[in-house]
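In structure tokens, the next block holds one chain alone, the form predicted on its own.
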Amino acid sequence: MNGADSDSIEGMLLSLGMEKATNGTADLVLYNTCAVRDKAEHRMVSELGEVAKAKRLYPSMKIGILGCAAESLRPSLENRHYVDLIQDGKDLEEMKEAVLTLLPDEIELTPDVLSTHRAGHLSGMVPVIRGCSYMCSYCIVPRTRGLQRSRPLEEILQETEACLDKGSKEIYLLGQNFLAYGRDLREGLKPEEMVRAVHDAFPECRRIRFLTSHPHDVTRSFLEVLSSLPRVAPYFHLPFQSGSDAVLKAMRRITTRAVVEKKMGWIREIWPQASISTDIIIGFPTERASDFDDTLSLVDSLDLDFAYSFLYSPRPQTRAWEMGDPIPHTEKVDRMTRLQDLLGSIWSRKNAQWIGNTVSVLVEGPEKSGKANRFTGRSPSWHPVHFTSDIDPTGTFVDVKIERSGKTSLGGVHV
């Protein structure tokens, strides 16, 4: 979601004639921040110190802090005299209006300056619902992003068209709680109806993805519709956070292990070609060793394709804040290691099954290794694919024959 907001703000600034700074100095420096975990906040604060040094050399520089951490860290940020703007991320238009107040006087504002502007990126990100009304005890999103607000279908279609006009090859439909889409709209549009409308309106869009879903909201109808749309990528991200009912209750997740297993079973049954990923929090304050063992057993039984695991970090202004952080860091790291070992064995086995298949890859660019004729991209099922090619296919879809696999990626050759 932050990426989508940043793209819109960047596109607005580019449309006004500004350019990205490339020489280490800038008239305007913006941080669009996240507050879900403390690591992101710490990184922003650390980098902010370096920008403060640059501002001493260039006093006309303007510095703005946007997004979730602008809300959660406001008292400490207000004490930093070199910060010119602190604006929360509840409303994108308000963020953009605040950014406009920092622009140099010579920038002429156009009448449509706040309308949809998108920077040109390979993957176009379109928020369809903002905020979240589920009050998970560890999560600060309802406070920093607000309660859920669905966007009208017309806006979603307009923004999708803008992304495609800018050159996007695939579209991400985004929401902190994607499957809650439409409940607050007068017409009561269902999420599967919204996805179908986007799919059918833009046949030129080769690939559509969606994020993120809550187990409580998964329906058979949604899965049946999504599995029938050929250009929706077969990938489903379904965070369950813990395999322990006791921990899920303390997290206020409004779901249970049995519900997670049932909904995952629906995905395997109705959309068998879809890969599945999840989020897992390690070291929640009430997590006992036996609770973590429950998480390991759930992971083992679900045969996941991907998982994103995080060490718990207390967030102020959440219900879990009062629980403290009683589990030692070393114990959290040990649990993380055990989880990663299990996931690695699952992924090694599952990824090996792709060898010999040919997959369509949206090429993001040269491989980071710097080796000649090596490129990287994503398959429809979300696998990172590294491959060799005699041409530079960056920004296009190519077929890659898979010849090797690892724990976290696939490898092959452009065919």
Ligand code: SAH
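Fair warning: this is a prediction, and the values are worked out from it, not measured in the lab. Heads up: residue numbers just count along the shown sequence, starting at 1.
The protein also exists as the form predicted in complex with this ligand; that form is not presented, and the subsequent description refers to it.
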*Should Gln176 be classed as touching this ligand in the model of the complex when contacts are defined as heavy atoms within 4.5 Å?*
yes
*Does any heavy atom of Phe310 come within 4.5 Å of a heavy atom of this ligand in the model of the complex?*
yes
*Indicate whether this ligand has at least one heavy atom within 4.5 Å of a heavy atom of Tyr138 in the model of the complex.*
yes
*Contact of Val36 with this ligand in the model of the complex (heavy atom, 4.5 Å)*: yes
*Residue (of Arg207, Arg257, Lys263, Arg253) lying close to this ligand in the model of the complex, criterion heavy atoms within 4.5 Å*: Arg253
_Selected contact from Pro239, Pro152, Gly344, Pro234, since only one has a non-hydrogen atom within 4.5 angstroms of this ligand in the model of the complex_ = Pro239
*With this ligand left out here, work out from 195-203, 279-287, 93-101, 68-76 which stretch has heavy atoms within 4.5 Å of it in the model of the complex.*
279-287
